[in-house]
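Take a look at this single chain in structure tokens; it is the form predicted on its own.
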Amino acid sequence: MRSFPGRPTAEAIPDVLIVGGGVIGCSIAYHLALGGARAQVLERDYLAAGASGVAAGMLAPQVEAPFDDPFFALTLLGRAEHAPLAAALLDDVGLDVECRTSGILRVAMDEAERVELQRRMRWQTARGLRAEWIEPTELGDREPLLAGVAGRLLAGGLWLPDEGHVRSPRLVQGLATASVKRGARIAEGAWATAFELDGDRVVGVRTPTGVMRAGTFVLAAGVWSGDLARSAGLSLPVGPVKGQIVTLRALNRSPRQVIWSGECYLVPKVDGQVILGATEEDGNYDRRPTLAGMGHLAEAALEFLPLAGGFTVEGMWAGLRPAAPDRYPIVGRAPGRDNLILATAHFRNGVLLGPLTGRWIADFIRGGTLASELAPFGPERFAGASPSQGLEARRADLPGRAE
């Protein structure tokens, strides 16, 4: 998506300079522009070139949440942000970002999964959320592709009608278009190499074509956030988790809703495309898809949905998810840098949380108060920890959230 070519110029100094042209960076620019601020986005490649461009776009806080905690509450708010935003972007710039509440059917492969999913259903319904158990004999009624052999082999499924998905590249494009319409500037191919400091303040961002200056700076550069943070004297434990997806085409019958097993998911899009994802490869910076990745996803899908074998392969993609050791976002003011704000490490939740993060960061810049819901996810939690420490001990208990 190269709708906004350009590079840093000698135009007026922006109020806020945002490093990173993914869903989070563009959402921040959009909400700042709505409030009349002059925002500038620097993107090293092109908009949505990173994880935002290859994400399946699921809006699915319930599907993998093992318990009710502050992060789950945050993701529910993130999901609620999308439908009003999609309507606003359609009205504003005429772009349908394909936000759909399709529901998700989370299938149980065995009795152990059945017990666990029913436990989750109980606490979620007690919380007032919609969730329904589907017995194996009824799976075919909910999803015809699971009728017959697949339905008999499964132990049931958890139906979550309020989950959905969005077309993530279109969401980034919509946010960027609406931002530019209100005066924001977006420079693609603008490689931010380092922050420049004057005492405790950031005064500029170095690029190959010069130094860009602003009053406030936001670091939303995905997996590259750690490198840039070091130039500002910060140790930010952000690393890549590679994710591969396969794009399919269902020639006869497409899934009615998202179908999710413990190993993969199938997301039907508006145009008939079906996204099969996703691998999870820690520490891998290679964005090229691999045969092993495709094989893993194909095997996982065919295990519970044999009819998927008839889908045709359109393409395969890979992206690098930015992840902190505890797999939670890093959002808040950079320690010791009053005018540098961090909005990164959203792991598999960048699309889900991006619009909400953008609105709250814009509010923070304007008003100086960060939303209380973000308090547990500030950078100060890593003070004195190496990148491999932090809250690493909790990772085994954390959900592998939807993308």
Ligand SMILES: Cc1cc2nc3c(=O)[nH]c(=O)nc-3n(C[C@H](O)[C@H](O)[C@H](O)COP(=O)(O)OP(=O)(O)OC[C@H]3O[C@@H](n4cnc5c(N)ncnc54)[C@H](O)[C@@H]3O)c2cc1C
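Please read these numbers as outputs of a predicted model, since none were measured by experiment. One rule holds for the numbers: they count along the sequence shown, beginning at 1.
Beyond the structure shown, there is the form predicted in complex with this ligand, which is absent from this document and is the topic of what follows.
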{"property": "Gly174, heavy atom within 4.5 angstroms of this ligand in the model of the complex", "result": "no"}
{"property": "Any non-hydrogen atom of Gly20 within 4.5 angstroms of this ligand in the model of the complex", "result": "yes"}
{"property": "Non-hydrogen atom contact Trp159 with this ligand in the model of the complex at 4.5 angstroms", "result": "no"}
{"property": "Tyr46 within 4.5 Å of this ligand in the model of the complex, heavy atoms", "result": "yes"}
{"property": "Which of 320-328, 111-119, 174-182, 136-144 lines the interface with this ligand in the model of the complex (heavy atom within 4.5 Å)", "result": "320-328"}
{"property": "Interface residue in the model of the complex among Ala33, Leu42, Leu340, Ile365, criterion: non-hydrogen atom within 4.5 angstroms of this ligand", "result": "Leu42"}
{"property": "Of Leu85, Val202, Ala301, Ala192, the one that lies within 4.5 Å of this ligand in the model of the complex (heavy atoms)", "result": "Ala192"}
{"property": "Stretch 338-355: residues contacting this ligand in the model of the complex, 4.5 Å heavy atom cut-off", "result": "His346, Phe347, Arg348, Asn349, Gly350, Val351, Leu352"}
